[in-house]
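What follows is one chain in structure tokens, specifically the form predicted on its own.
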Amino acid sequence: MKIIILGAGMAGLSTARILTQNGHEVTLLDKGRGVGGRMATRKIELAKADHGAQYFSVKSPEFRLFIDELIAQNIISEWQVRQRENVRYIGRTGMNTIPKHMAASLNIRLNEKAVRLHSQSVETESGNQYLFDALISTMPIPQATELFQRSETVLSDKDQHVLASIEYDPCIAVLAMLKTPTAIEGGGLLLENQPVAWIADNFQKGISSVPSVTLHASASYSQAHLEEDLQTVGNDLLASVSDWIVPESIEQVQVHRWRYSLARQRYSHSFYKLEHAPVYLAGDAFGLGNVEGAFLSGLEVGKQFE
């Protein structure tokens, strides 16, 4: 069966792995320059920083099998966040090492943004056409909705209700290279009722050879300032945490806007199929949510083709 997957993040890669193992002809299309989606790591000169997902936990036996695979190949390590009881896991050299591992041997086309769906093909911004028997979209639902609106896709009342029921929170991420490490115990700090919700010291976390930090703004702050000048917003966020990050220590700053950082309102099942088209929706907006939920969503939709 010829299957196209839109999005090479955790859900898309999870789906592609099981479909490929079961003998299907699978092509992943992603608009970005690399795989991983929000499992993202960025370099600032010699510094590295995870600027999307910061860590993940394990609840299900299916995800535990995958985690054991990653541990055996020395791709991940444990990380104990002081304000969390359960052990978390991180990519040993950055979160993006996990999707890079998953992508090995898969057929992935990068810099390919889907702009229109036809009955059995998807058209990309570059002008390419990819034929499919079934299509699986793991894009954020607002992006998938825009794609459907530009296409021949007919949405039923139920389809529209499901799409409209899913809501996201944005997140503004600030990455800074520092002259000296922070004094954050354990390398991670959760804050409440402040503009910054999370600070990670990537040097203490073990992924950066020189001091660097990641800040994640709170959902409310991110929503309020999402369309403002990012550099100004980033500087304001850094100033708000000067008790932990000395201003004189900051050397370089980058700011990233995640419009669909976290699915605040998710669809209860692990995936959804449109009623009148061979199109499936999956990702962290379905089922459990977060990193594990995205993996399981991809796994479950992939099992539909066994």
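Each residue number is its position in the shown sequence, starting from 1. What you are looking at is a predicted structure, and each value in this text was computed from that prediction instead of being measured.
Separately, the form predicted together with a small molecule exists; it is not shown, and the next lines address it.
Among 245, 53, 237, 49, the residue placing a heavy atom within 4.5 Å of the small molecule in the predicted complex is 53. A heavy atom within 4.5 Å of the small molecule in the predicted complex is found for one listed residue only; from 177, 207, 114, 98, this is 114. Residue contact check for residue 262: one or more of its heavy atoms lie within 4.5 Å of the small molecule in the predicted complex.
Proximity of residue 278 to the small molecule in the predicted complex falls outside the 4.5 Å heavy atom cutoff.
Although the partner is absent here, residue 42 is not a contact residue: none of its heavy atoms lies within 4.5 angstroms of the small molecule in the predicted complex. Contact check for residue 26: no non-hydrogen atom falls within 4.5 Å of the small molecule in the predicted complex.
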